[in-house]
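Taking the form predicted alone, here's one chain by itself in structure tokens.
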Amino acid sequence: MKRFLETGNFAVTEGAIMAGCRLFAGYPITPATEIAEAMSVELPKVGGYYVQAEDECAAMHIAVGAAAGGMKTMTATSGPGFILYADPYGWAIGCEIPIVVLNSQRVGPVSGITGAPGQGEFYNSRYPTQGGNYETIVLAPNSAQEAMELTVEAFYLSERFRTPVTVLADQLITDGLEDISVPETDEEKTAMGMRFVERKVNAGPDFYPPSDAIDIPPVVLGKGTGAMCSDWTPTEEGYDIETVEAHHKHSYRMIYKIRNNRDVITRYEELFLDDDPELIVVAYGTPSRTVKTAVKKAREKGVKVGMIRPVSLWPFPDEAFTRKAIYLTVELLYDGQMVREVQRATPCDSPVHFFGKCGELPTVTELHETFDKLLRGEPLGRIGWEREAW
């Protein structure tokens, strides 16, 4: 095991190469530029390739093209670049091409504040392209160490599900310096819970089998199937077609290979949920670490509070939200995007409230003041989500 005092960007690079990534295509953007820099140095050492694209759209297209040619590939960006990935991201979904995308969120909208954390791509990561008729997989680390481990997991899931997987980090994770342990042996990787899968090739002759099953290898152009790969609806033989019947079969597979196998994907962390909490706080990414500290300190004072941290954002871990309680979502946003998902997942008579800051983390004191108000039945200081009917 090697230990480093390094950034999350370094950790993501280590995880990607460990998972078998051999091509990275990217365009510089804060706070993900260091991933491109590290990839340009490290990938040639293992026989891989780094490609500097002319813009984000080109970067994603290059990465998707390399994946369709048989390589494990990755790209990384931030919000303004992630939205430019929309067209090739849809191409990868529609053609069922495995690829990993790292998005380090910063304050938005648009360019916003480059060097400050945000969480504005919660829904954008769920719907990263046009047209609907698909499901997505998104994983959210809350530390540099976990960013490395979830990058490995993203490659594992992308291969098994034949789909792009997004690792949704934020600026504090990718830029922050932390203690990182990098495993060197198979035993150390297994002990960390890392899962690996080799790239296999669809033997054809069909472009895809009419099934929502997973573990069907992706098509690699020129090997076996000899089929085309376009952004139109494909037939089983891999030819373009524009009929509702064919598109229904194609979409059904893209949706239900994820919905019917969500147990392979969904992850969450819970704290004090078995100790009858009156208030359950929900947070993901970096703010979840402050929330965890606040919840532990509140428990020491006898406050009946618990916590849920979604690690897989999509599919959303609905199974964690079965308890009747007061819920509070804490996000690096002013608009509170995760609130509606928590409202949807919780029992109907459980009120859901929101605490949001943007560009900086909440403090433990601020969170304790919020916990106390909610447990006393007092409204929060602003017109909040508690007044929304659902």
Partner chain sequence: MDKLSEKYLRARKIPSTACSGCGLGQAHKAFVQAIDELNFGIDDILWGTSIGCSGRQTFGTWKGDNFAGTHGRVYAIARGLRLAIAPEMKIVLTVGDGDAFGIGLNHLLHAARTNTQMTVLVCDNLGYQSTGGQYGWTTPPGVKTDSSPYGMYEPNWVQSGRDVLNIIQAAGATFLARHVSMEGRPLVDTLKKALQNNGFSLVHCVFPCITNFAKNALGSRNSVNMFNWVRNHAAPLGQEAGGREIFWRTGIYHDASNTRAEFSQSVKEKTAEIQREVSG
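Every value quoted in this text rests on a predicted model; they were computed, and no experiment measured them. Positions refer to the first chain, counted from 1.
Although not depicted, the form predicted in complex with the partner chain is the subject of the following passage.
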query: Stretch from 337 to 345, 64 to 72, 350 to 358, 29 to 37 whose residues place a heavy atom within 4.5 Å of the partner chain in the predicted bound form; finding: 64 to 72
query: Contact flag, V197 vs the partner chain in the predicted bound form, heavy atom cut 4.5 Å; finding: no
query: Distance check, G302 to the partner chain in the predicted bound form, heavy atom within 4.5 Å; finding: no
query: 4.5 angstroms heavy atom contact with the partner chain in the predicted bound form for S230; finding: yes
query: 4.5 angstroms heavy atom contact with the partner chain in the predicted bound form for W91; finding: yes
query: Single option in R289, R267, K249, K223 placed near the partner chain in the predicted bound form, where near means a heavy atom within 4.5 Å; finding: K223
query: Single option in D215, D318, E278, E237 placed near the partner chain in the predicted bound form, where near means a heavy atom within 4.5 Å; finding: E237
query: Partner contacts for 119 to 141, taking the partner chain in the predicted bound form and a 4.5 Å heavy atom cut-off; finding: none
